[in-house]
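First, one chain by itself in structure tokens, the form predicted alone.
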Amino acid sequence: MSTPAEDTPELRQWIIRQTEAGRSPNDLLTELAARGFGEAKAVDVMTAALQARLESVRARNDVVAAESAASNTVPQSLVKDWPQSVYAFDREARVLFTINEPRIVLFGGLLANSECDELIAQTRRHLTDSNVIDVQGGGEQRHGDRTSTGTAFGRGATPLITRIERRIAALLHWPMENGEALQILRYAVGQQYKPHYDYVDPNQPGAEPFLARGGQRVGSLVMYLNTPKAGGATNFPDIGLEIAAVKGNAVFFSYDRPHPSTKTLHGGMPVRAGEKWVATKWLRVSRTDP
């Protein structure tokens, strides 16, 4: 193929095709130099072509996310095919495994190590005892089944929180405003969260105040901010599944109705050594408080 020694739309398309075909940047720079481009000009042309391609992919992902949110009743992490990785807003995550019933996807490297460390650092001075939803009287209350400490960051609380929220919205094809505040939790040795469901039983007397603020929960994303020395796995007793807590990884699961038939009973197993940190994002059917 012959390419002109000037920056044209055709040349940029050629660069993109060659890159997608697996050619290395050095090979392309060498060929561009042979076709009459200076080194600096060749770098500028390649950078502009690939940046335009990245913006195009991001725009298409935003459209797909909006269409999926409008048509789905629950968040969908993978809307088609079964890729080895998925691009979400600004980061590529590996797809480590998927289960259809219940719908569970484990992502590798959804968070960078530096992001995990920063979230922990931002949280340490704000830790308080964790509560559970009071399904009898409304509001929240302490409960022996949940023995962690933690805090919550409202939507857009920091630049890092905003970036992670946008990443989650793109990953799960669900509007950012339909997510609850990002909850950061710390589990010390012996602490756990016994098996439970994340949705709220609408037949319970205390459910109405919760459901009035964004409706029912329909999906959960648990992101691991560190790797405990021992213990701390996330277990799904109904299907005999245990997921090890590994720094940067995240497990997503959805539930299309508030009923045990979803098989989404899950818990945080006791930490046996060290500590466990997680960041949890719950997704609602409609806009909820930030």
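All residue numbers are counted from 1 along the displayed sequence. Computed from a prediction, not measured in an experiment: that's the story for all the values here.
Below: the form predicted together with pyridine-2,4-dicarboxylic acid (PD2), not depicted.
Of the candidates 119, 207, 185, 111, 185 is the one whose heavy atoms come within 4.5 Å of pyridine-2,4-dicarboxylic acid (PD2) in the predicted complex; the others do not.
Proximity to pyridine-2,4-dicarboxylic acid (PD2) in the predicted complex, defined as a heavy atom within 4.5 Å, holds among 32, 222, 46, 225 only for 222. Not one of 87, 91 and 249 comes within 4.5 Å of pyridine-2,4-dicarboxylic acid (PD2) in the predicted complex, counting any heavy atom. Remark: residue 155 does not count among the residues lining pyridine-2,4-dicarboxylic acid (PD2) in the predicted complex, judged by a heavy atom distance of 4.5 Å or less. The closest non-hydrogen atom of residue 196 lies within 4.5 Å of pyridine-2,4-dicarboxylic acid (PD2) in the predicted complex.
The closest non-hydrogen atom of residue 262 lies beyond 4.5 Å of pyridine-2,4-dicarboxylic acid (PD2) in the predicted complex.
Using a 4.5 angstroms limit between non-hydrogen atoms, residue 282 touches pyridine-2,4-dicarboxylic acid (PD2) in the predicted complex. Of the candidate stretches 97-105, 188-196, 165-173, 111-119, only 188-196 contains residues with a heavy atom within 4.5 Å of pyridine-2,4-dicarboxylic acid (PD2) in the predicted complex. Residues 266, 267, 268 of 253-273 are found to place at least one heavy atom within 4.5 Å of pyridine-2,4-dicarboxylic acid (PD2) in the predicted complex.
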